[in-house]
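Next up: a single chain in structure tokens, the form predicted on its own.
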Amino acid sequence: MSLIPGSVISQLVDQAAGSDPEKLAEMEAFLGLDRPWYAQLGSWLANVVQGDLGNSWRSRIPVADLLGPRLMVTLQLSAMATVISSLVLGIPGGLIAAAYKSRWPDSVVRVVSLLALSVPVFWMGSMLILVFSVWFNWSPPLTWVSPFEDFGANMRMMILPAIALGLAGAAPLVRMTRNSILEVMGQNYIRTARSTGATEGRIRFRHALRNAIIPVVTSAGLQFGFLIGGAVVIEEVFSLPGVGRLLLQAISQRDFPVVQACVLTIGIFLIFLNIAVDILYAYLDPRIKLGD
């Protein structure tokens, strides 16, 4: 952030005040910008340990008050995108590709997933808005509403952003599920299950998928982090009042306390998410102990 040209001072003062060196020096001292960057960072970390994220340099509003309501928007968007990318598209697509290995359904699923992975998230969101507005004469609302206030309006606002993010996140899950299922289907216990007369569907869902789900869950956890990063862009495209849009605005305004708080919040959330994925392993596979 310190290497970006310009500063918050140049945006806070007008042209007349900006030509007064004494005025600029006073404002820099007030915000602590006259100190080295490592001293500023040290002071910020000391305050964070005490639970103080500071105030926004632009609005003077406490950063915690800015983050609170916006965090729920980003978490809801990422959760919906994860459900779409994993349960709706990723795992079913991988199962279909594995079931029809080297046949046309496998080729179609792999090509579509590769295209979804190659398309930028912001372009996907823009195309969804264009398609639904031109072909179906429908566009998502511009005002975000909490799901606890109006669930229907909230879903109308969030569904297209979640689909745009989910399509990008589904591609790696499709490939991971396909490869894991194919690897498990060659094991001896699968042949034993076939010899007992079990149906192919029961074998795939009861035996193969259950034993192949560990790497898929790991990939899904990593994809959730990717989706939070993608939310930074997609929230701007769909005008969602989330942490991602707040982060972009803070970067453009050189609002350091808000930028640092957003990055810290996302980082802490990803750490707890990885811990939750590790704990989930023990419930998916009894052979894994929590103490391990």
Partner chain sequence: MTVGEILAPLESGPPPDDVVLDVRGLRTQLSTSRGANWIQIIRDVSFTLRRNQRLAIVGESGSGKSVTALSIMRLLDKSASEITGEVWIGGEDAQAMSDRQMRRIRGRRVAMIFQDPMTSLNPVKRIGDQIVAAMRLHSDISQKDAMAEALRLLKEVQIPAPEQRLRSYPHELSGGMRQRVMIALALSMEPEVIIADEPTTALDVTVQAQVMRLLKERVESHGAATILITHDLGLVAGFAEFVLVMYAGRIVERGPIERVLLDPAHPYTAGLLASLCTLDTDPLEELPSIEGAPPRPDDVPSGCSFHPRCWMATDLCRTERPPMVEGASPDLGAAECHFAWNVVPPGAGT
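Positions refer to the first chain, counted from 1. Nothing here was measured: the structure is a model prediction, and the numbers come from that model.
The form predicted in complex with the partner chain exists for this protein as well; it is not shown, and the discussion that follows is about that form.
The partner is absent here, but in the predicted bound form a heavy atom of Thr199, alone among Ser107, Thr199, Ser133, Ser126, sits within 4.5 Å of the partner chain. Heavy atoms within 4.5 Å of the partner chain in the predicted bound form are found in one stretch of 169-177, 89-97, 114-122, 182-190, which is 182-190.
Using a 4.5 angstroms limit between non-hydrogen atoms, Asn211 touches the partner chain in the predicted bound form. At a distance threshold of 4.5 angstroms between non-hydrogen atoms, Arg204 is out of contact with the partner chain in the predicted bound form. For the chain shown alone, Ile268 is not a contact residue for the partner chain in the predicted bound form, no non-hydrogen atom being within 4.5 angstroms. Under a 4.5 angstroms non-hydrogen atom cutoff, the partner chain in the predicted bound form lacks Ile279 among its neighbouring residues. Taking the partner chain as positioned in the predicted bound form, the only residue of 77-102 that brings a heavy atom within 4.5 Å of it is Lys101.
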